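What follows is one chain in structure tokens, specifically the form predicted on its own.
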């Protein structure tokens, strides 16, 4: 019984962990930063994405070396160019 209780305690901690798929579902409609393999950042609202990490964004801004270069209404990014997707940092006022 004790071994089972220990397993439950560990399992309880794991049940709160998010999978990458859960994370991606949770950020749809939120501001994100998409960094490409080339180093270019795209910041905007995540509209949708698929299993290949193809991304559709709205209100998109393109940043090169940290400087704003372009603004797009909607943008589509092919998944094989994506290095990572990150949510924008929240400030204390957002919590």
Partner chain sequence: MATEDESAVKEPLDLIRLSLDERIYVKLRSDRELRGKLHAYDQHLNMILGDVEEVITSVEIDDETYEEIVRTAKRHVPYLFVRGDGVILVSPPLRTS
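Residue numbers count along the first chain shown, from 1. All values reported here derive from a predicted model rather than from experimental measurement.
Keep in mind that the form predicted together with the partner chain is not shown, yet the notes after this line are about it.
Asker: Give a yes or no for residue 56: in the model of the complex, does one of its heavy atoms lie within 4.5 Å of a heavy atom belonging to the partner chain?
Answerer: Although the partner chain is absent here, residue 56 would touch it in the model of the complex, with heavy atoms inside 4.5 Å.
Asker: In the model of the complex, does residue 49 have a heavy atom within 4.5 Å of the partner chain?
Answerer: Yes, residue 49 lies within 4.5 Å of the partner chain in the model of the complex.
Asker: How about residue 36: is it within 4.5 Å of the partner chain in the model of the complex, going by heavy atoms?
Answerer: Because a heavy atom of residue 36 falls inside 4.5 Å of the partner chain in the model of the complex, the answer is yes.
Asker: At a 4.5 angstroms cut-off on non-hydrogen atoms, which residues of 72-88 are near the partner chain in the model of the complex? List them in order.
Answerer: Contacts from 72-88: 72, 73, 74, 75, 76, 77, 78, 80, 81.
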